[in-house]
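One chain follows as structure tokens, the form predicted on its own.
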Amino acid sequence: MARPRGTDGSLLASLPWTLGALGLSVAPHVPYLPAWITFAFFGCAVWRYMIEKRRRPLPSAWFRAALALACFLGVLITYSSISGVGPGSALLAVMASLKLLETRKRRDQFVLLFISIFLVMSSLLREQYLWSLPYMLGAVTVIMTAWLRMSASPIESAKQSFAIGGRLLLYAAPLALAMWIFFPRLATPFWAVPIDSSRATTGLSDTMSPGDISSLSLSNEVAFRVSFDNQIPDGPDRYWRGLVLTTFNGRSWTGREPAISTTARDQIVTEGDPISYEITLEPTRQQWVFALDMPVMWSLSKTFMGPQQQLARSAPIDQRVAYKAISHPEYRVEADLPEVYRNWYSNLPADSNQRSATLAREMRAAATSDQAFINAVLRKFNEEEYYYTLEPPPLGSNPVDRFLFDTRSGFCEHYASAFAVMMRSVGIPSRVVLGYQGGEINPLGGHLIVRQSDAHAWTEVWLEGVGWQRVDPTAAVAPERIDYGASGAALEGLGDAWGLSAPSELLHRLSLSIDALNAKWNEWILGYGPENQQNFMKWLGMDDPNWRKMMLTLIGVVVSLVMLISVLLMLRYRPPARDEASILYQRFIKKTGLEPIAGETAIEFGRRAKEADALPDDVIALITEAYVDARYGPYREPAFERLKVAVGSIT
């Protein structure tokens, strides 16, 4: 027998709630899903609602099978895989869309709501933003309401269903909180979930060509936040070391792949007092780890120091990470550089940027030493008509020549590149460092915000007996960029000539407030790892906390909460206390010897008792009147006393 394909409209009342729950669960994935999946989902939702409203037949099984195969192939082609957060959430969204087209009964709606729960929870695999918790609670409440609406009576309003769903979640909240606090945290997860790799990388690239950093400087995204143990360093000391570029092809600078160096740490000679701090680094999908120049200690696992004293991790940073570090602003690096490395750090391609090389050799011949030559180049940038701008003109071939002699305007990468080329032209080893400079102090959170707009490039040169030292030619052209940082200069109005604009004071204060909340969310909630859990357990009085103690504590707390919630539910839904007036009236009925009829009122029973001469008429009338007054009258206590006396007088 063929299965009927038509609809009878029985789901019309509950279907909008199911569609709304599905829409809320898909919404967090929309920014990451291909547009065709989003359109397919909403198209199927509208189509299914119109089918139910107009009592039309559902699509045939063959059509649904062909559509499912096409969507599966679409996901496979889009992601080149079916595993991972991206493909997995895409398949869930597609599954929900296609399931709508075969939904006939309420049990099918239950399956859709189960998929909604999975979609809401899977959004947490990507990121746990500050708004994630309230959004998740709201979405789950709507899903619970949709569940209740499928079995609600016609007289039950949506508001009542919503209240019941919210109350059920409140009952579950203490259990969830206890599990979150006491369940032993592991340093590594039980499984590894592949994060989307198709999204654009946020942050610095491992190559530098004109215009790379200037595009980042227009971004207000947070790169990382820093909390210092003591006083925050001054603006000119906030150089956040990232990656080092050592090879120049005439136009672009490139660096080596991250590699472990066993001698890089030993080449650092520190001076002065160290600075201790903690960095919360946003996902970059790169291996570079940023630290205040010059780092000597770091706590991030699987992190090593490369041959140019740059920090890197063995795996890309796909999720927000927090780590502690210690740096020395005063340092010397590699005072003795082997000849082979001197030549390598001085290498330039032949027949490129010849005018710059000739200028450098002329200036070096007029200088008395390498340090005097460095100072002469910096004076040239400072005293001659060179400009700092985020929108420099195009350079074409031989970009250093065109920059130094023609355009004379550029961003930090232009000055760092030109300075390094001039150094190498006279045999002074040099390299370009990419990282961030500056940062904005959030007075509400007491931490430093380093944004993508603080991306910066500077130069390191090597001098005999001194070693590698930092030289920032940008400071000679735009010292306010170093003193205030990019974001600070924008707020002070100093960056107008660069093309930077600052938000209004109200919006800026609002953004700082949100940033402070985000920082605390990251520290207290997302940062609740093994170490913080151990500290919290000790604060609660647990000596030497281990997983056995925490599991036993968790079991004890959960059992206690379950018992408490059970008692509350028993008290809430306990049967009403027996009515004393009804008990007395039942004794009266028993004395009459008559059986009450279903739906019969006390007055009607009294009339029937009089007709049967079961008791004297005046006694029946007295008991009936007293009972009605005791149950429904305004003066129940006196009426109850009359009823008690009257029933007691029956022999």
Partner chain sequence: MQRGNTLETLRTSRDEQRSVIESAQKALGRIILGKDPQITLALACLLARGHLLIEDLPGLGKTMLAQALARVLGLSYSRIQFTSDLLPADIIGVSVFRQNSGEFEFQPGPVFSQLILADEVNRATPKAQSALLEAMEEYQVSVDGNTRQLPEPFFVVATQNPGDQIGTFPLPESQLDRFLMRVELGYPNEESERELIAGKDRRSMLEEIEAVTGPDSLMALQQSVRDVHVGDALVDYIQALVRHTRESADIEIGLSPRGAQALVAAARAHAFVEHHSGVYPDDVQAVFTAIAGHRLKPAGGTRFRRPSETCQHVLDSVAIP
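Residue numbers count along the first chain shown, from 1. Everything numeric here is computed off the predicted structure, so don't read it as measured data. Think of the rigid core as the biggest set of C-alphas that the two forms share within 1.5 Å after superposition.
Note that the form predicted together with the partner chain isn't included here; everything after this is about it.
- Stretch 603 to 611 is the contacting one of 57 to 65, 603 to 611, 36 to 44, 22 to 30, since its residues have non-hydrogen atoms within 4.5 Å of the partner chain in the model of the complex.
- Using a 4.5 angstroms threshold between heavy atoms, residue 628 counts as touching the partner chain in the model of the complex.
- Interface membership of residue 599, defined by any non-hydrogen atom within 4.5 Å of the partner chain in the model of the complex, is confirmed.
- The closest heavy atom approach of residue 633 to the partner chain in the model of the complex falls within 4.5 Å.
- Remark: with the core as the superposition reference, the CA shift of residue 21 between this form and the one not shown stays below 2 Å.
- Fitting the two forms on the rigid core leaves the C-alpha of residue 56 displaced by under 2 angstroms between this form and the one not shown.
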